[in-house]
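Encoded as structure tokens, the following chain is the form predicted on its own, with no partner shown.
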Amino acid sequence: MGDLADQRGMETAVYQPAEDSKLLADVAVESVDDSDRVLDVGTGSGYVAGRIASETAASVVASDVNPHACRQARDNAREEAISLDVVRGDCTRPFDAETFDAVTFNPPYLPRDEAAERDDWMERALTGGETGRAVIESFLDDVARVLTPEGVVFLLVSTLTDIEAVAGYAAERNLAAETAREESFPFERLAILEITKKH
């Protein structure tokens, strides 16, 4: 796994796993129960979904809006002999209510940089609008609908997008957010927020 700067320099249509993906996968694998039904939103190459499917007995569905990512996640799962359902769709919108016990998401979280902006799939995978929170907020607007009553979300966030603002936005949607794990890197601190429905 190279760092994000190295990944961005590559001509590719699919986000490849980096430090953020590993952090999310580590937390999910440690937290998911074998009987859980798990959705990995924005799966990219399928790394997080593949780790959960191969290291637990959970049933895993991977989704991405990018057709190239869906193809790559499916191909990677096949190569690794991992049972993984892959669905093309926008965040949680294609799925029925109360379907998943856990949802993971490594969202596009970089604030828009107009000087470096490109109109391609990688830009969509990395950039989360002006504040970096546009896709995260859209996800939080709907994710509670697909969670079972005791379900949990593992959402990767960065200091570049203001972790506290994300937690505050979740609270406004009747979701409780706590930091499950943090890791510091030279230009940002990453955190996995564990988000549940408030009861």
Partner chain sequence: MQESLLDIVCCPLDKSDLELEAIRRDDDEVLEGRLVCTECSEEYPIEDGIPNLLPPDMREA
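Positions refer to the first chain, counted from 1. All of these numbers come straight from a predicted model, not from anything done at the bench.
Below, we turn to the form predicted in complex with its partner chain, even though it does not appear here.
Residues within 4.5 angstroms of its partner chain in the model of the complex, judged by any non-hydrogen atom, belong to 63-71 and to none of the other stretches in 44-52, 63-71, 152-160, 27-35. Within 4.5 Å of any heavy atom of its partner chain in the model of the complex lies no heavy atom of E80. The shortest heavy atom separation between F105 and its partner chain in the model of the complex exceeds 4.5 Å.
Taking non-hydrogen atoms only, R145 approaches its partner chain to within 4.5 angstroms in the model of the complex.
Applying a 4.5 Å heavy atom cutoff to its partner chain in the model of the complex picks out D85, V86, V87, R88, G89, D90, R93, P94, F95, D96, T99, F100 from 84-102, in order along the sequence.
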